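Below, in structure tokens: the form predicted alone, a single chain.
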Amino acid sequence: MIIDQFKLTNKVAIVTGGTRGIGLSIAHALGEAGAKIIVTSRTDKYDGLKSLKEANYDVSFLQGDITKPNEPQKIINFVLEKYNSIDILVNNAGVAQHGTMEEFDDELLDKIMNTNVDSVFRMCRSVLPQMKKQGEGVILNIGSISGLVSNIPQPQVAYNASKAAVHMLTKSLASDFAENNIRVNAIAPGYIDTEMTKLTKENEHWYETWKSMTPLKRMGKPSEIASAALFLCSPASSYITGEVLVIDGGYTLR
């Protein structure tokens, strides 16, 4: 049956930044499909792990900062010691920072690039040997429409550049590792109602611009990203690799 193609029974899945927002919703979707989940984050102050455990999923939490060069390999080693396999890697952890080019200092630039690009590169580099050994695997990277268009009104050159890099990393890995039966795709969300898109009072007027430029006239929900993530991580998408799936309510149509 078609519905069986969405099942992930006993598959081992890592979700970085999996304790809130889009990452938490993706973890719930994978857990509901039967996967054994390992979520990572610098903190669980949002009680995301609690919600996953209350849903009776097979879930583990590994606290750590993936911007540290050695952390990705530590995560992979932890999972292999626990399960001896890794079937799915979801690179969700990311940061957004607005700021004009003239005021954007090196500290902020490093923060964005280290989190959004370098850590994704290292996580992929660390997991690929195991996936090659298994003869299969799935990597899903969370990009952004900001890697496709220069969205307004917020100035965010560094963030846009980082997400464009994630998209090209996805395509390059998909090409390089297709012969190993490793599929690599990305999701490019539009404006999703999460902690990351909560604006300060002085910038609340941005919401109207975002919604007016979105044909569906609303922000998306994390669950609307999670359902697509489940598709791309499951056998239902077995002939899809190297794609950047845009989920933005039509924003990039205009």
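One-based numbering along the sequence shown. This one's a predicted model, so the numbers in the text were calculated from it and none came from an experiment.
The next section is about a form of this same protein that is not shown, the form predicted in complex with a small molecule.
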(request) Have a look at 66, 59, 228, 213 for me and say which one sits with a heavy atom within 4.5 Å of the small molecule in the predicted complex. (result) 66
(message) Based on heavy atom distances of 4.5 Å or less, which listed stretch (201-209, 50-58, 29-37, 184-192) is in contact with the small molecule in the predicted complex?
(response) 184-192
(message) Given that the small molecule is not shown alongside this chain, does residue 93 nevertheless sit within 4.5 Å of it in the predicted complex, heavy atom to heavy atom?
(response) yes
(message) Can you tell me whether residue 170 touches the small molecule? I mean in the predicted complex, with a 4.5 angstroms heavy atom cut-off.
(response) no
(message) Given that the small molecule is not shown alongside this chain, does residue 197 nevertheless sit within 4.5 Å of it in the predicted complex, heavy atom to heavy atom?
(response) yes
(message) Is residue 42 part of the interface with the small molecule in the predicted complex - any heavy atom within 4.5 Å?
(response) yes
